[in-house]
Each structure stands twice: as C-alpha cells, then as structure tokens.
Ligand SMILES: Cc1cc2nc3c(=O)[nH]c(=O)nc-3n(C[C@H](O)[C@H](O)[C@H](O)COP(=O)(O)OP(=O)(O)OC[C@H]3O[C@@H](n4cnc5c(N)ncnc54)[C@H](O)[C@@H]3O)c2cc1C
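Encoded as structure tokens, the following chain is the form predicted on its own, with no partner shown.
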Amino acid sequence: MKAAVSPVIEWVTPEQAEFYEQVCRFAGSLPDDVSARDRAETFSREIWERCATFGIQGMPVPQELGGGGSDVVTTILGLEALGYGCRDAGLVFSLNAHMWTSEIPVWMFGRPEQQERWLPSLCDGRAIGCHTITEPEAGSDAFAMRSTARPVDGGFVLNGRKTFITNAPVADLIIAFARTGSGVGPYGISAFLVEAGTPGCSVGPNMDKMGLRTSPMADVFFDDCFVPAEAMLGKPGQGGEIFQASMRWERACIMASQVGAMRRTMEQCVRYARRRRQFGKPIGKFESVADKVANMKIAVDASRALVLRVGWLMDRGRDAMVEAAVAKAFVSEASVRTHLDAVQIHGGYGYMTDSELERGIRDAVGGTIYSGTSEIQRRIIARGLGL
C-alpha cells in the first residue's frame, strides 16, 4: 500500500516519498521572516542550524564521515521539498553552495585527517564553507585564474583576489584555488583548505545583489597568505579535477530547490485564479490565465523529471554531464518564466512586494547565471552532441 503522499512524487519509492513529505513539513515550520531579511540582506544562522539539526547539510555525505548517507535522488528530493516549503531562497542557495563546493571536495579528495577535521562540523551546522574559484577576469572562463600559490618552506603563500563568493562573509572554511604550476587552463591549479581568520586572508563587504539577498556574498583576498603544506586538498595540480567534481554535483542538484519553488508559486496562482473574479467569473476561466497556469504545471513536471534523471544516472555511476547541463538550462529558464507569469496573473497585486512574487523573479534570475550560465550549459550540450 502506498504511503499518503503528494501526487507529484507518487512515482518514487515509498521511503523517498515519505522523506519528501518530512522535509516539506520541516521547511513549513521554519520562521517566515524572509521579507524583512531580504530587504536588510540578512543571513539567518538560526535557520541554518535548524536545517543542520534536521539533516539537510549532511544528506550527501557518508554516515561514517558525519553525514546522512543519502543517495543522489533522495538528496534531490530533499532539496526540492526544502525549496517548496521554505520561502527563503537565498538561504536555500547558501545551503546548496555549502554542500557542493565545500562538503563534496573534502569528502571526495580530502585526506582522512582533513575529513575528520571538517566534515562533521560542515554537516552539523557548526561550520559554513565556501570555495573561491571566480575572479574579476575569470568568470565563465574559470581556469583563466591568476591567483597563485608559491611554494615556500613548510607550505605555500597564496596571493590573489576572488569575487562573487557565496557564503564568504560567514564562512569558517574557505577552499582556495590557485596556480601552483605553469600549466594553462585547468592544469597547474591546486586547491587549499584555508580556515577563516588566517593571516593574509580577508573578506570584503557583503555585496548588494538583485536577488538571493539573504545569501551573503563577498570578495575574498589573499595577500601573502601562508598555509601549511598539509592544507593542500588532493594532489598538486589536482585543483581542476576537484572543481569539476564539485560542479558535477552542483549542476545535478542545485536546481532541485527551484523545482520546489516553482511548484509553490504554481499552487499560489491556482488558488488566486480560483478566487479572483473579473467580468463576473473567476479569472481562471479565462484562457489567457489558465494557459499560463497550465504552462507552470508543464514546467514543474518536466523540470522534476530532468533533475531526477541526473540523480538516477549519478546513483548508477554513469556520466551525466550533458544531462545536468540540460536540466540546469531548462529549469533555470523555466523558473524565470514561471515567476514572470505569476506576477502577470496577479496583476497589480503581484507587482507589490507584499505578494512576494516579485522576489521570486529576482531570486530566479540568478539561476541562469550561477553554476555556469545558460550559455555555458548550451556549450556543454553542443559538445556532447559532437558539435
């Protein structure tokens, strides 16, 4: 007998469906003060810690390393449910950045002592992580970075500037990427675990963003920052591989929460279209409105299927680079369309900040940029097709 769950996920296993419902209930119980914090650009450490206590941050990390040991599909379902029940898209984005750019590299490439030092605290909420890949002149072309790590007795001296670094203002662990060799592109780049507060490592002021404003972001500066040799993550010159592994997970999973947000917005539009009357009947009876809501349903269902396909492939050890790029491009762009249509359905009310729909647009636009722009995703897809 099937568990009583939302029909949108009735085709996953009963255990996964129940987990989805548990996360939905948990997310719905979180403080709903996001409007005020969005205006003030305030990150909620309280909600972060509550998510950690529930087990969100630890989902993909093996249990023996302090995590929850969830497979990729279950992790994706958890993130979709979190995006559905939690209106703070900025905090959910910070959670994603923390998991994919900090936990995954330490888990997959860290030495046992590095894993023991960092993974339990990254999973249980005591520590927040970020990584520094983007530079002022190296955005989409990430491997054009100029930051350097010069070998010295006992370690390395880091120099360089990183920009658009999510979680930097609140991070306890900073994964720094810098050139240790003379190679070009991804070659000659190494990664280092830098504890916040290390002399020579500083963080700039919080950046004022269009959306995802509750997710802190800043520049990170390395100015003759010494790190010991044991701070290197992985092997010398393995930074490109570490970054690519992180991106595989990020592009596979980060859109899941947007699927949940789209579903929530769709349901809000359905309720409004049934209640709001114009010209003597509910506006949902007008094809121009009903078609927009129908398109939202199409977008939600297609987005969920594309994201879960990536998780299914990853759980079976199969390459999903192209499929992840397809999901990333489709879901991010569908989310923008969904939230634009939601404002249109609500008319003047939707344009007001009280509706929270305008914030949905601002938050959704970021999805077409972070983790590789839509243009970059199409390049990946084209290469996969042999073009």
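Computed from a predicted structure; not experimentally measured. Throughout, we count residues from 1 along the sequence that is shown.
There is another form of this protein, the form predicted in complex with the ligand, and it is not shown here; the text below is about that form.
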For this session: Just give me the single entry in 95, 123, 81, 133 that has a non-hydrogen atom within 4.5 angstroms of the ligand in the predicted bound form.
Result: 133
Problem set entry | Among the candidates 261, 212, 99, 106, the residue which, in the predicted bound form, approaches the ligand to within 4.5 Å (heavy atoms) | 212
Problem set entry | Contact of residue 379 with the ligand in the predicted bound form (heavy atom, 4.5 Å) | yes
Exercise. Is there a heavy atom of residue 18 no more than 4.5 Å from a heavy atom of the ligand in the predicted bound form?
Worked result: no
For this session: Indicate whether residue 268 is a 4.5 Å heavy atom neighbour of the ligand in the predicted bound form.
Result: no
Exercise. Within a 4.5 Å heavy atom cut-off, is residue 221 in contact with the ligand in the predicted bound form?
Worked result: no
Seminar exercise, completed: Within 4.5 Å of the ligand in the predicted bound form by heavy atoms, the stretch out of 229-237, 156-164, 187-195, 304-312 is 156-164
